[in-house]
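The data below hold one chain only, encoded as structure tokens and taken in the form predicted on its own.
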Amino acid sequence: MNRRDFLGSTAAVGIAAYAESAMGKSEEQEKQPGEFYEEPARQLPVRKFDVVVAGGGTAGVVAAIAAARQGANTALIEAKGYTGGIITEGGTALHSFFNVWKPYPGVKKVQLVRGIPHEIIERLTKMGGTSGHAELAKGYDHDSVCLAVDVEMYKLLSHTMLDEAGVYVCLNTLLAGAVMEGRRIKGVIAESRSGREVFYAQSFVDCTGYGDLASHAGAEYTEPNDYPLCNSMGVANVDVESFCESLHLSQYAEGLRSGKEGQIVRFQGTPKAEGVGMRLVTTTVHDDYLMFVKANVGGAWSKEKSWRVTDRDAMTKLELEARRHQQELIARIRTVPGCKTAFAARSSPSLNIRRGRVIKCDYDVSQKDVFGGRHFDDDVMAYGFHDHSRKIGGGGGSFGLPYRALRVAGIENLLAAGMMITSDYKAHMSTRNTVSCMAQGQAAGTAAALCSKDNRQTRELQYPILRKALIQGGVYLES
């Protein structure tokens, strides 16, 4: 559609009245001395949807598919030129579709996360893009199953499934603001090379990872900055077997690699050789290639001590530091047998975060909830993995995530899914993981569509209606 057709097929809205109230001025801007430029008011073309999902990453892809499959006219806004997010950029593997059962004799193996996330993995496996659900032979006190993915295939498949579901996908599009009516979002402002426009909708889902939409809408949030950052690279010309033999291994799994069963697909360890200062955890689905090697910065890893993930200037310095660190890692990898000509074949387009803003929601999942294996009367998923502990529900159990944990406090029609929920650091070490975010996405997208269907606000949606729709969508609910 050309611009003339687009302008002719949409309404126009003047933004002068709401621009300042919707966008506002940050505290830093209020405090900063110096000049300011007052942007002239202008009219923006409008698009209308039932549901708008902000962020096409781990949670956002699944949220948009879920909403569209419920019959909602759905738009997805993503700043990058592809979908997939952390799954394609920063994670060594997807954790975890199953409970952690292996360390506990008699505990039954249960696949907790099903539905759309499971469908994605089934299709990706048929494409030759996963290791399969590879059980760990070493290190299973941490996890029982590792799932490695081909990042480029995941980008293709996630976009394909969005297209099949009828989602209006807007890539290379920046979420620039929110249009508010009291405590309700009326629309979001999006900007791309096609111009600046407004997307109106009944319901919204923030899956940006940074909590950008919630912030624009005036939601309460904190910025803990309590995780290191990383840039993950793929390293080619690596003899995987020789590399493993050179390490003191703490994790090891075999699965599908280059179409062959029983191949090394995940390992973690430190070099046996003295003087090679490196601890590596990685996965692969291809011969002679490490899919993810992380170059950590921030916190104890960084020379830059004062930073926030929303601080552009601090993050710019850390981007440079991470890329320098990558080259140091390549030099160390080349000292390992079979890796003399190793090189970085890809890197992430920007630093990977484990969380940015923590958005205040109607319920804040706690460490006690997670480790105690608590389930709620409004569960929307079950999950059983934690980065630092296997003892969920006493060991090998699961906990439930309540619908109220996805409802953004103080905003009537906004849900949040992914790494920006859960303020408790220890609980967040579970809820932030990739497969948890995928499951949250299906719950949030389904709820947003149901709300838009009957013009309900998020707190007006009756749980039995949501539960029924989730179960019909293949979601496993333990309670």
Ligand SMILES: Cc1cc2nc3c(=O)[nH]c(=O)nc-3n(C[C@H](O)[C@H](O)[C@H](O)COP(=O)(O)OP(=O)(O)OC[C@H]3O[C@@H](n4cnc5c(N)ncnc54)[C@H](O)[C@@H]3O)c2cc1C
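Everything numeric in this text was worked out from a predicted model, so none of it was measured. Numbering starts at 1 and runs along the sequence shown.
We do not show the form predicted together with the named molecule, though everything after this point is about it.
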Which one, 402, 187, 90, 117, lies within 4.5 Å of the named molecule in the predicted complex by heavy atoms? 90
Within 4.5 Å of the named molecule in the predicted complex, heavy atoms considered, which of 452, 422, 434, 70? 434
Do residue 286 and the named molecule come within 4.5 Å of each other in the predicted complex, heavy atoms counted? no
4.5 angstroms heavy atom contact with the named molecule in the predicted complex for residue 77: yes
Please run the contact check for residue 294 against the named molecule in the predicted complex: heavy atoms, 4.5 angstroms, yes or no? yes
Using a 4.5 angstroms cut-off on non-hydrogen atoms, would residue 131 count as touching the named molecule in the predicted complex? no
Would the named molecule be touched by all three of 56, 212 and 230 in the predicted complex, meaning a heavy atom each within 4.5 Å? yes
Considering the named molecule in the predicted complex, find the one stretch among 442-450, 407-415, 58-66, 42-50 with heavy atoms no farther than 4.5 Å from it. 58-66
In the predicted complex: members of 340-360 within 4.5 Å of the named molecule, any heavy atom: 352, 353, 354
